[in-house]
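Only one chain is shown below, in structure tokens, and it's the form predicted on its own.
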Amino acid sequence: MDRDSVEELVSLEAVQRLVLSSCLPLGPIEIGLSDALGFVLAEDVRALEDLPPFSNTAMDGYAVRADDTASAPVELSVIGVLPAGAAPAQAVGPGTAVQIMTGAPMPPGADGIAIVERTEPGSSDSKVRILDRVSPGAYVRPAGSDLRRGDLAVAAGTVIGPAHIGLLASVDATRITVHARPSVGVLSTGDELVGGTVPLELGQIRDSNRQGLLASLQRDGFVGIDLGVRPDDEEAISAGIREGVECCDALLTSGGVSMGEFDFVKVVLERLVAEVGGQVHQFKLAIKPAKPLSFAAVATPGGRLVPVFGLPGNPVSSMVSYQVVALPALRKLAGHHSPLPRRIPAVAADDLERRPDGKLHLLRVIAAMGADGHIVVRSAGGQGSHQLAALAASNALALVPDGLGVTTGGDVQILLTGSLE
């Protein structure tokens, strides 16, 4: 076991529950349909009219009376041509047919479609030969066969995808009510951090956390606000956190949450909450990487609580804690009904080794679909909390419980962080 006793550690699930209970959905706001992709619908949308609004043909062919084809093959007189977008000019009577294109409204008198593939030219230019008997309703899309007027089109809580956009356009929902997407400030802390292309001096490192977190927010559909880098100075960090709380719906900081003499983020959060109200928690999560975590829900004059996530400073730890703690909270702010990441079963393609330490290990792995239809995972490389190369190569986190690991062929749950190979 490491120097942390099991009693000091808090499970990931317990932290997720506490954090989510402190976050309420934002909004609602009204937006245009063209901007709605990825938002969460805040109010039900119902059809204001039947969809489709009229009976129409599903195929090119001939609109006919089904009874006229009972003794097919049969020859009928073609009395007109009806393209999509045009209204029928005449009814289909006994012994007649109307040539019709996909999507055109059914002409009066017709109750079925003889598809063009099962017809032949008739004995004259004005006739067609119907080869098969047509059943009533064949290749006809009745009015309201998708939705009836008043039916629920898209329910509140739905994450709007391309098909929802098309459906909402079909029911003339040009403006919809959604939950606002949170604006999220990102602040790095540490005297050792430098940006830009300046040469590094001994002891300095480039600030990767801020760029990685801002990119994660962009990928996940949130509005990232760059709050820059603050040195290991309590006053500077306090000013940065206060700025973030004032201008953002949530705040991510990295560094300053461990047990060091210059770890000021947790100190600042405790003093800020004591001053303005809210709640603050300092956690040692029972996970590796990303054990230390500060979380505060800071009260504002407007009565809202701004969640602040003090993420650890090691680059991999910062990104992993974002994935498993901060991201679910941001998703809840955005209105998601199921904000927690989905745990997916997989099979280890090689040994996923670890040692017992009372923690859940989140190993960076490469997940791919196997030939047998099961997802298989293999290590993405070095698992140190500073080794960004393996994180960059991975597309999933393998959840390896306390113990000696998972042997080749063993079952393991994963959280996808990218697309399957």
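This structure is a prediction, so every number in the text was calculated from the model and none was measured. Start at 1 with the first residue shown and count on from there.
Just so you know, the form predicted in complex with a small molecule exists too; it's not on screen, but the next bit is about it.
For the candidate set P289, G112, P182, P315, a heavy atom within 4.5 Å of the small molecule in the predicted bound form is found for exactly one residue, namely P315. Of the residues D132, E234, E270, E192, just one reaches the small molecule in the predicted bound form with a heavy atom at 4.5 Å or closer; this is E192. In the predicted bound form, the small molecule sits within 4.5 Å of a heavy atom belonging to S258. Interface residue remark: S321 is not counted as part of the site for the small molecule in the predicted bound form, having no heavy atom within 4.5 Å. The shortest heavy atom separation between D207 and the small molecule in the predicted bound form is within 4.5 Å. S294 falls outside the set of residues with a heavy atom inside 4.5 Å of the small molecule in the predicted bound form. The chain is drawn here without the small molecule; in the predicted bound form, the stretch among 93-101, 184-192, 218-226, 274-282 whose residues come within 4.5 Å of it by any heavy atom is 184-192.
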